[in-house]
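The form predicted on its own is given below as one chain in structure tokens.
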Amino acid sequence: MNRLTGLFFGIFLLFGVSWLGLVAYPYLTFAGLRQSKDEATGALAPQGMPGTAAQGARVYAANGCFYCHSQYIREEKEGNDIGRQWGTRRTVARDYMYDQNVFLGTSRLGADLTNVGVRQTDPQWFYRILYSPRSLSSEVAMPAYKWLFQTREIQGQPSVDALKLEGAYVPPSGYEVVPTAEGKALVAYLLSLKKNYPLPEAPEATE
């Protein structure tokens, strides 16, 4: 009986220590993160995600974008992410403190999106690549997400959000292609991806 009791407590202790090290400690450490204040400008970072962008994060997840796109920048000694100009520094835990879901990703069939809002600032570029990726590059493997758009008859003046399409992608005369509410939210989320603020634990890489 004493041996069984000792075995039970030994197993309990083993799992307890493992849980503390792999679950509790990382959770408490992450929960304790606070914004960093830039000494030169007084700016706080990171900032929370705007409401529309938060909605777009759910669209991003629902459409499986994280299967082909990552959202983390590795150190120079670990990869060529900085050389590809995906970022100027590695990403750290503080970068994700306001993300409800962290889309680190598992592969890179497409480019890393950690700072895509820095590289591309025009919503039209995002609308076009979501609607017809091959209209921007014939070599892209990305599928089209046309269900995030609708083709409708122009009522009065064309919509400011109407896609500026060319060639075979132009809608019939008198019609326009516009993003749905989900399409707008997704693009707002992509535009918000800007982890280019300074953090003391992740200095910019030196050339």
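So that there is no doubt, residue numbering starts at 1 and follows the sequence shown. Values in this document were obtained by computation on a predicted structure and should not be read as measured data.
Separately, the form predicted in complex with heme C (HEC) exists; it is not shown, and the next lines address it.
- Using a 4.5 angstroms threshold between heavy atoms, residue 143 counts as touching heme C (HEC) in the predicted bound form.
- With a 4.5 Å cutoff on heavy atoms, residue 109 counts as touching heme C (HEC) in the predicted bound form.
- Although the partner is absent here, residue 119 lies within 4.5 Å of heme C (HEC) in the predicted bound form, judged by heavy atoms.
- Taking the partner from the other structure, heme C (HEC) in the predicted bound form has a heavy atom within 4.5 Å of a heavy atom of residue 60.
- Screening 135 to 143, 162 to 170, 175 to 183, 37 to 45 for residues having heavy atoms within 4.5 Å of heme C (HEC) in the predicted bound form returns a single hit, 135 to 143.
- Proximity to heme C (HEC) in the predicted bound form, defined as a heavy atom within 4.5 Å, holds among 131, 125, 103, 96 only for 125.
- With the partner removed from view, the residue among 33, 154, 49, 68 that has a non-hydrogen atom within 4.5 Å of heme C (HEC) in the predicted bound form turns out to be 68.
- At a distance of at most 4.5 angstroms from heme C (HEC) in the predicted bound form, none of the three residues 73, 92 and 198 contributes a non-hydrogen atom.
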